[in-house]
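Shown next as structure tokens: one chain only, the form predicted alone.
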Amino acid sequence: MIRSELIQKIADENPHLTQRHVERIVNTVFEEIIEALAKGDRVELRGFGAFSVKARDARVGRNPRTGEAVEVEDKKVPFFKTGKLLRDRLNGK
């Protein structure tokens, strides 16, 4: 499912909201999650999962085409851990 499909589904299930309002709500939710992660905060959505930021150390990698050693800088990457409810639902429980 892509963002526009999510917006359309929410708009269809909530006829009292216009598509423009639903789009603004969805965009606000995503922006708040992004801003929290950018600050290094953890975002938890009960039953769904938790977003956090993990730090990756600098390392020496390899260029797959040439095999040459390449310095890879340290970086922060987003991390998602599923919640119990989501895991159980995916596994048919």
Partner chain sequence: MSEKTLTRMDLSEAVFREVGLSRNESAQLVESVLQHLSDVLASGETVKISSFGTFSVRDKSARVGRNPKTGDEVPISPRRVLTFRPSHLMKDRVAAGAKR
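Residue numbers count along the first chain shown, from 1. It should be emphasised that the depicted structure is a prediction, and the values quoted were computed from it without experimental measurement.
The same protein also has a form predicted in complex with the partner chain, omitted here; what follows describes it.
Not displayed here, the partner chain is approached by E32 to within 4.5 Å at the level of heavy atoms in the model of the complex.
At a distance threshold of 4.5 angstroms between non-hydrogen atoms, E71 is out of contact with the partner chain in the model of the complex. Taking the partner from elsewhere, K76 is found to have a heavy atom lying within 4.5 Å of the partner chain in the model of the complex. Taking non-hydrogen atoms only, T66 never approaches the partner chain to within 4.5 angstroms in the model of the complex.
Taking the partner chain as it sits in the model of the complex, the stretch 16-32 comes within 4.5 angstroms of it through a non-hydrogen atom at H16, L17, H21, R24, I25, V26, T28, V29, F30, E31, E32.
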